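Take a look at this one chain, the form predicted on its own, written out in C-alpha cells.
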Amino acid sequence: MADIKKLVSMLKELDDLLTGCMRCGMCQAQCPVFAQTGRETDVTRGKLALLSGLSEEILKDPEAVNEKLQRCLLCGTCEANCPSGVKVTDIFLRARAILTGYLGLPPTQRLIFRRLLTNPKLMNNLLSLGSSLQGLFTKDADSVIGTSCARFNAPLIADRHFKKLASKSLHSQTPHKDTPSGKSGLRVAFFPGCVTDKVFPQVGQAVLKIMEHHQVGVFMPPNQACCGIPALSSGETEVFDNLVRQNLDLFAKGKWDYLITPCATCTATIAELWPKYYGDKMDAVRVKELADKVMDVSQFLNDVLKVTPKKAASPAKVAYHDPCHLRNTLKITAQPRQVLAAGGKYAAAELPGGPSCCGSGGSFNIKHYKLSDVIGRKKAESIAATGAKIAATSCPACMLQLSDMLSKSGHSIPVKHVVELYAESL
C-alpha cells in the first residue's frame, strides 16, 4: 500500500476534479462500452458518481470499484463531447493510481512493469527470443492480412487473430540513426514506439524512407523505453516516471527540431500526459520542451513539410480509421487523410456512421476481450461496407485490433499505416 498521506492528498485532488460533472448523461451517447452493455456503471457518469465517494468505497469494496473503473477504453470520446468540459481521462488516471496505490498490482503484472518494461535491453532480448519460437505455437489465419492464431488451446490468446512479432525488429534492422539535416534544414528525433518496433518494423522503415526523401536528418538513439502509457493507465506511477526519465536522457543526447512518432498513443502520451504526470517536478523544463516538440508523423509531413495531396484520375479507396488519441486528444484528423492522398494513388473512404473507437484500448483488450471484440467487429463491418480493398490508420495499436477483427470476420482486407502507403510513391 502506498503512503497513506499521499493517498489522502490524491483523493482530495480527485474530489476537486469531480465537481465539474453535472450528471447530464450526455456521455451515454458517446461511450462505446455503454453502447454494448447499457449499464450505468459502464458509462462515464456512473463511474464519476462512484468515484465521488471513493474514500468510503475503498474501505467497503475496493476490488469492485477497481473492476468497474477498468471497464473504460480511455478513448476520450466522452471528454471530447462533454458540455461541462469534465477532464474525464485525468480523473480516471488519478483514480486508477489511487486504487493501485491501495490494492497494488497482481504480482505478474508488477513484475512485467518493474523488471521488464523498465529494462529495454532485457525486453528486446526476450521478445527477440519469443519471435524465433512463436512459430511452434501458432498457425496462419489470414494470409492477406498476415494474421495468425493459436495452434493449441491457449486461454490467454483465446480466439484472437493476431499479428506475430516481426522476425527482425526495427531496432535490429536499424539499431540507431544520426544523420545531418539536408536541404530541408530540419532534423527530427524519431520515437517509433514499442508496437512499431516489434510488430510493424515496416512502418518505422517507411518513416525513415520518407525522411530521407525529404532530406530531413534523423536522430534515433538505441534502447528507447516505452512511452509509459501501459504503466500510467494501470496506476503504476513510479514505473511511468522511470520510463519518462530514461527517454528524456536518451533524447537529450542529440539536437533536433521535432520529435516525431507514427503512433497516435505515443504522441498523445508524450504531448499531454508526460507534463501532467511525470513526478519529478525538477525536470519539468525538459518534459515541457519535449512535449512541445512532439508531433504525429502525418502532422509533421502536412504542417511542417507541406506535403499536399496529388490529383489522381481514379485513386483507390482506402478505408481510414481515426485513432482516438489523434481525433479526441490531439484533434488531428485532416493530416493523415492528406498524407494518404499525397502519394497520388489513394483517397480516404469515410466509414459509415462516422469515427468511433475500434475497441482496442490497450490493456482493455486484454482484460475485457469479449467487449473489445464486440466493439471491434462493428468497426470491421463498417470498414468492409466502404468497399475499400485496403484499411489504413495512424496507430499501430489500432492496426493490431483492426487486423484481428477483419481477419475473424472473414474480410481479407489488409491493414496499413498511412505512411506505408505514402512511402510506396517515393
Partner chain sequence: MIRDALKNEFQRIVGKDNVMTEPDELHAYSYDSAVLDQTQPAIVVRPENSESLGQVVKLCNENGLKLTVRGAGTNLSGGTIPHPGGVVCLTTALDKILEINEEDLYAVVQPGAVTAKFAAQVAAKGLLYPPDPGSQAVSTLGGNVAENAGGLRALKYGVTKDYVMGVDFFDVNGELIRSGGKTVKCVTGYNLAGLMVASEGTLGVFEKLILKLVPPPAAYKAMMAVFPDVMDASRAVAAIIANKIVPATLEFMDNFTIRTVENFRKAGLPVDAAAMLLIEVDGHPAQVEDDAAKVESICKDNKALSVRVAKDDAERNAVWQARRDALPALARVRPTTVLEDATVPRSKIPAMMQALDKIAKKYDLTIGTFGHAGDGNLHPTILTDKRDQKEWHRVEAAIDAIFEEALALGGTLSGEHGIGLAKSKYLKNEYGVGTINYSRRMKSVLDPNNILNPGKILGPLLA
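Residue numbers count along the first chain shown, from 1. The structure displayed is predicted, hence computed values, not measured ones.
Quick note: we don't show the form predicted in complex with its partner chain, though the next part is all about it.
Colleague: Within 4.5 Å of its partner chain in the predicted bound form, heavy atoms considered, which of 352, 83, 175, 180?
Modeller: Only one option qualifies, and that one is 83.
Colleague: Looking at heavy atoms inside 4.5 Å, which stretch does its partner chain contact in the predicted bound form, given the options 49-57, 353-361, 395-403, 379-387?
Modeller: Looking at the other structure, the answer is 49-57.
Colleague: In the predicted bound form, do 276, 285 and 292 all reach within 4.5 Å of its partner chain through at least one heavy atom apiece?
Modeller: Answer is no for this spot.
Colleague: Does at least one non-hydrogen atom of residue 410 fall within 4.5 angstroms of its partner chain in the predicted bound form?
Modeller: Residue-level check for residue 410: no, no contact with its partner chain.
Colleague: Whether residue 367 contacts its partner chain in the predicted bound form should be assessed with a 4.5 Å heavy atom distance threshold; does it?
Modeller: Residue-level check for residue 367: no, no contact with its partner chain.
Colleague: Report whether the minimum heavy atom distance between residue 28 and its partner chain in the predicted bound form is within 4.5 Å.
Modeller: Residue 28: contacts its partner chain in the predicted bound form.
Colleague: Taking any heavy atom pair closer than or equal to 4.5 Å as contact, tell me whether residue 70 reaches its partner chain in the predicted bound form.
Modeller: Residue 70: no contact with its partner chain in the predicted bound form.
Colleague: Would you give me the residues of 13-31 that have any heavy atom within 4.5 Å of its partner chain in the predicted bound form, in order from first to last?
Modeller: If the 4.5 Å heavy-atom criterion is applied to its partner chain in the predicted bound form, 13-31 yields 15, 16, 19, 20, 22, 23, 24, 25, 26, 28, 29.
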